[in-house]
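Two forms, one protein chain; C-alpha cells for each follow separately as structure 1 and structure 2.
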Structure 1
Amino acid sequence: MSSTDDGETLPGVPNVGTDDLDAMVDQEQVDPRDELADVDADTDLGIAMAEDAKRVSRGELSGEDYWSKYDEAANTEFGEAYRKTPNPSVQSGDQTIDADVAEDLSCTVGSMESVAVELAEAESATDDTSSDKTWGMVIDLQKCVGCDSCTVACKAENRTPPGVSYNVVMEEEHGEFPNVTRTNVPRPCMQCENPPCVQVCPVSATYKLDNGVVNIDYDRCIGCRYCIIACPYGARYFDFGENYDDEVEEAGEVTSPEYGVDRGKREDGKSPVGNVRKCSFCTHRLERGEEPACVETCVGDARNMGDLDDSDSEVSKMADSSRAFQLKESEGTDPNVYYLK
C-alpha cells in the first residue's frame, strides 16, 4: 500500500519494529538469580536447568539428554519430592522421551493427569463423606441478567447438536406498560429426586446416580422418547443426528465426554444419535473437581454448585433460605435445582 512498506507490514496495521517488542520483553524479565535466591533449592542448578530447558524447546537438545544430565542432580537436590512426582515427559505426546531413558530416571514416570487423579484419590480417602454427595444447583434469579451465556457455554462444553440445548433461559414478562417486569429463569435439567423420566423408561436406560445426577446410558437408550413426554420441565431433547458442519468446519471433531464416557467422533447411527439427551450437571467436569460450564461462565455469579447434603455448603444454605423455591413443586418431583426469588 504505502511506499515505505518493508514487506512485513499488514495494511492498516501500524509498523512497530519487532526489535522494540523484544526489548520490551527483556525489560520485563526478572533476574533469575534474584528470583531463585528466595527459594531453598540450589540457584546454580536451577539456572542451568532452565537454560537447558530453553535449548530443549528450541530443539538444540533432546529430552533424553536433558533428563540424563539432570536426573542425578535433581534427585540429590529434591530427594523424595522429586522421586514421587511423576515425570510427564513420557506420555506428553510431542515431548516424548525414550522408554530406556525413562526407565533410568529415579523419579516416577507418568502424566500430569495421573498426578491430579492421585491427589483427588488422596483427598477422597481422607474425606469419607464425599461419596455421599448430592450435587445441587442454586440459581439466584435476582442476579440473572438474562444474557444466555450459560446456554452458550453449555453448548460449547457439551458440543450439543442443533435442536439440543441442555440449558435454556425462559424469559417471562409480566404486567402492562409502563409497569412491566421481566424474569429470566434459566432451566437446566432439574436432576429430580423423584424423576418422572426414570419412572417411564422401559429399558432403565436413565436412572438416578447416588450423587443426585440423573444419568442416561446412551448404549441402552432405544430412542422411544417416552421420557421427553414425561418430563414436566421440557429438559430432555432428542438427537435427530443433525450437526453444525455447514456452519463450522469440522464441527463434529471435538466431542464431550458426557456422563464421563468419551464416545469419540459423532457419526450417523452411533449413539448418542437417535437417543434422548439432557444436561448431566457436567458430570465429566464435576469428576475433575470443576464446576459445570454454566456455573463457571455465569457473568452475574447467579449460579452456584455444591453439595446439598453438606449443611455447611453454600448451596445447602441458599436452598434452605426463605427465598428458595423449586420449579413445579406440586409435581412432587423434588428437583435438586433450586431458585432464589
Structure 2
Amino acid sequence: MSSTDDGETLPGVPNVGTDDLDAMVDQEQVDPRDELADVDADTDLGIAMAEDAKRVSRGELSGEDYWSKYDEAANTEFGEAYRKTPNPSVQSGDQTIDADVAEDLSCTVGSMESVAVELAEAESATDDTSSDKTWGMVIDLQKCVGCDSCTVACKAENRTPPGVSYNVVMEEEHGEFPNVTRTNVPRPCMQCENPPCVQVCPVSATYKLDNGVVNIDYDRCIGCRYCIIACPYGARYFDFGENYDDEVEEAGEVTSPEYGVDRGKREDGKSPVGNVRKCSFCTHRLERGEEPACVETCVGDARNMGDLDDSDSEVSKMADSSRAFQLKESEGTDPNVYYLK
C-alpha cells in the first residue's frame, strides 16, 4: 500500500505533516507506570515486555527470542495462566511460536485455536461475506469535519462504560485567531497486521482473526494491561466496571453486543469488567453484512470500509492511492486502517 514520506506536508492542512499526526497519537498514549500502578502484575516486567513486543513488530526481534527471553519471568509472574497457553508470535501464520522452541519453554505447545476456544465457532458463524475478507478502513482527512458523530455512534452501539471510547477524534488547532485551522484525526483500533498487543499477552487472550480484526477473549483476559502499554496508538482501554446509572436508569444492565447476549448482562465480576477492551470494527455488524457504526454515521462520509484483499473494492483502491498513508509506519505494525492526506 502507498504511503507518504515522513514529515510530508498534508494538502489543505498548512504546516501539518505525517510526523505531526504521529505526534498527536503519541499524546494519546498513557504513562506506562501510571497505567500499571494498581495492577498486581509486575510493572517493570510489563514495561520491558511491551517495549520488546514493539521490537518484534518492527522486525528487530523474533517471536521465538522474545518468549525465550521472558519465559522464566512470565512463568513466575502468571503461573498456570501462562503455562496452559501457547506463546503468541505476530510473525507466525498460526500466531504461535515454533513448536520446537515451545518445547523448551514453560508454555503449552499448541495452536491458537486451542487458546481462543470460541474462535472456530465464531468463524463458522460468520457470514460468508466477511469470512474470506481482510477488513480495512480508509479515513479521508479532507472530509472529516471533527463532528465526533463516530465517537457517539460507537459508544451507543457498543455500550462502552465511562472512560472507554473505542473511537476518538484527535484535534489540534493551528495559527492564531482569526487565521485558524484545525486538524481532525479519527483514531479507531488500527487492527494491525503485526500487533504488539498480541505478542505481549502472556495468556494469549488477544489474537488476530483471519479477517484482519484483532480480537480479545474476555473470558481469558486476566487484566494485566500489558497490551495497553504495548499498543503504539493508545487504542486499548481497561474496564473498571463503571456505568452511567447516575445519568440513565439501569444503564449498567444493558448488554453489549460485542460480547454477545449469551454471556449475560455486564455486571461486576463478569466479562468484560476487569478486562481490556477495544474497537473490533463492530464485528457483530460486519457478520450481518452491515458497516461499523462509525462508518454508517459519518456525517462527512470520511470513513470507508471494505475488503483490502479485493483489488476491485473502493477501499483497496483508496488504500493503494498516492494519497494513502498509515499512522506511525516506523512501528512496523502495518495497520489495516489507512488515511487519505
Partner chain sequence: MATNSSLFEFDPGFENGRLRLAWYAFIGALLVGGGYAMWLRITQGMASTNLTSIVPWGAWVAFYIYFVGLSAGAFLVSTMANVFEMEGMHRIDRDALFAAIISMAVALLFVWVDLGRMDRMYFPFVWRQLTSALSWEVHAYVAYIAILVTELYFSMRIDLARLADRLDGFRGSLYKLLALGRLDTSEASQAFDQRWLKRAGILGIPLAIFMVHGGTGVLFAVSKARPYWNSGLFPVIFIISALLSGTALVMVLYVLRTRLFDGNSVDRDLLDRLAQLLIGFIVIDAALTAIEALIAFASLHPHEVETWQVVLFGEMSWSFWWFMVGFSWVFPLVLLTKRSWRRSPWVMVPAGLSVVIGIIAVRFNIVVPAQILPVMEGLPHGSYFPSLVEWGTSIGIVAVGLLLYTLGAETLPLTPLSGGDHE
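All residue numbers here refer to structure 1's sequence, counted from 1. None of the values given here were measured: they were computed from a predicted structure. Only the largest set of C-alpha atoms that superpose within 1.5 Å between the two forms is called the rigid core.
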Exercise. Between the first and the second structure, which is the form predicted on its own?
Worked result: 2
Exercise. Has the Cα of Ala324 moved 2 Å or more between structures 1 and 2, judged after a core fit?
Worked result: no
Exercise. Using the core for the fit, does the CA position of Ala153 change by 2 Å or more between structures 1 and 2?
Worked result: no
For this session: Return yes or no for Ala74: a CA shift of at least 2 Å between structures 1 and 2, with the rigid core superposed?
Result: yes
